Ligand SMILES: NC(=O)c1ccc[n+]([C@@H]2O[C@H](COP(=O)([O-])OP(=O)(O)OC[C@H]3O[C@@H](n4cnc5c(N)ncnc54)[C@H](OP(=O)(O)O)[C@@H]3O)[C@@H](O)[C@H]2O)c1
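Single chain ahead, by itself, as structure tokens, in the form predicted on its own.
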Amino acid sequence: MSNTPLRVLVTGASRGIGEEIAKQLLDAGHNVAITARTSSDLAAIVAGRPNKNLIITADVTDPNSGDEAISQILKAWGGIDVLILNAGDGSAAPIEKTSDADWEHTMAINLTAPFRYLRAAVPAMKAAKFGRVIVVASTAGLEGEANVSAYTAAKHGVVGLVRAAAAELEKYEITVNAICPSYVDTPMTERSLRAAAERTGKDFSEVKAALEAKLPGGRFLTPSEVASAAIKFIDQPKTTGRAEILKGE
């Protein structure tokens, strides 16, 4: 990872993959702004890590949150070097039981919010002729699976955004990439498994074990593994428009 302190924004940083990304970057000496809806969760991440940080309490689905977050970073640090778009959510349901509200929320947090934050950060990155944008997507952004139609559509959309933005911004020395992990041991995965257990009438542990048996290596990825893979894109100036698959092999 770069030895020069970079100015970084991580969305969805209060738990799971986002928390691990923030901790790894802070421990490497970078200046890190972190967003989530609960400020106390964010405060716990920066506690004991004395390098520069910003806690930005925000709901990424708020149409103004991207502009406001970037504005705070520019005011505090004069620029932004790295944007890591991690905030996301999803639920499992058959197509006929996926409500408009479920669909709209899934699109808002997984696709529209990343677009808005990217749009807000691009002018400063263009002016600096430098930028690294990393999206935490999913293998669902590259392939289909039953009972997650909204999540799959949203992640396919954000992978398309990554590829289009990469083509547009490369000439400004801005790279845009995505990491596409398979199942990760996070609260969101647990919620999906519990929904599947309820839908099928099976025990939670049985549903979890059946899924793990299908995965490479027979296990879920850890948030730390995904965080490390995402951060590697910071030091790859010639890699852009890539959707890198990550499986627990």
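Computed from a prediction, not measured in an experiment: that's the story for all the values here. Throughout, we count residues from 1 along the sequence that is shown.
What follows is about the form predicted in complex with this ligand, which we do not show.
Quiz item: Taking heavy atoms only, is Glu104 within 4.5 angstroms of this ligand in the predicted bound form?
Solution: No - in the predicted bound form, heavy atoms of Glu104 and this ligand never come within 4.5 Å of each other.
Quiz item: Should Leu26 be counted as a contact of this ligand in the predicted bound form, where contact means heavy atoms within 4.5 Å?
Solution: No, no contact at 4.5 Å.
Quiz item: Taking heavy atoms and a 4.5 Å cut-off, does Ala196 contact this ligand in the predicted bound form?
Solution: Judged by the heavy-atom cut-off of 4.5 Å, Ala196 is well away from this ligand in the predicted bound form.
Quiz item: Is there any non-hydrogen atom of Arg191 lying within 4.5 Å of this ligand in the predicted bound form?
Solution: Yes.
Practice problem: Could you check which residue among Val184, Val207, Ile55, Ile70 gets a heavy atom within 4.5 Å of this ligand in the predicted bound form? | Solution: By the 4.5 Å heavy-atom cutoff, the listed residue in contact is Val184.
Quiz item: With the partner removed from view, which of 170-178, 124-132, 142-150, 81-89 is the stretch that lies within 4.5 Å of this ligand in the predicted bound form, judged by heavy atom distances?
Solution: Checking each option against the 4.5 Å cut-off leaves 81-89.
Self-check item: Partner contacts in the predicted bound form for 43-81 (non-hydrogen atom within 4.5 angstroms of this ligand)
Solution: Stretch hits, in order: Ala58, Asp59, Val60, Thr61.
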